[in-house]
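Next up: just one chain, as structure tokens, the form predicted alone.
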């Protein structure tokens, strides 16, 4: 099986912690030159320093905030000009919107989430796809949520926007497939990250239940009876990014321990 990413450049969003950092590590282990993106420069510097390196890899970082898509686009454009590099692998990943019922959400919350997720994904894709086409190799992988198959109660804005990103990705997969570019979505289930800790904490506040009982119930909802490790989600991403996955295009891949009730 060809999992070799030597000589490829990968751009990984939200890579200072959690799933994004795990993905950056896994891609580096396969030989990719990894460019990590997040808001905090100190965390990015540490992430780059910690990435596996075979001695020939060129890891770097970009400071950017998905709440400012114009700055994100400009920072990436400047990096591409300065380095002359081609991004072969784009990992779209950013923190999800705050919880709450859809009916209670302000319109501005939907607009902000749409900007942070879909518009930033679009800007990044537009910046890197020309290079992918020229190289005849491209992977766009979006880290979204199992909510695109089964909406999650209490995550109204997230459910809405994640669904939009999933359909954006499917559309791109049809358009870019002839150029050797695949577009796929990874749907993490309950994963040991700060995001999950926040969701559990908020649920405890709203319901009055203790966090330990909430965690136990969440694990019981999952056939695997445990939460995923970020590295397990990253392994699925790394496979889809590899040459071995060249004929997998336009799919939603749950990495959820079997929790999602639909096929």
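For clarity, every value in this text was computed on a predicted model and none was experimentally measured. Positions refer to the first chain, counted from 1.
The discussion below concerns the form predicted in complex with a small molecule, not included here.
- Annotation: in the predicted complex, residues 67, 162 and 190 each come within 4.5 Å of the small molecule through at least one heavy atom.
- This chain is displayed without the small molecule, yet in the predicted complex the stretch 141-149 from 141-149, 121-129, 170-178, 99-107 comes within 4.5 Å of it by heavy atoms.
- The closest heavy atom approach of residue 95 to the small molecule in the predicted complex falls within 4.5 Å.
- In the predicted complex, residue 19 approaches the small molecule with a heavy atom inside 4.5 Å.
- In the predicted complex, the small molecule stays beyond 4.5 Å of every heavy atom belonging to residue 254.
- Though the partner is left out of this view, residue 195 does reach within 4.5 Å of the small molecule in the predicted complex, counting heavy atoms only.
- Checking 203, 39, 229, 46 for any heavy atom within 4.5 Å of the small molecule in the predicted complex turns up a single hit: 39.
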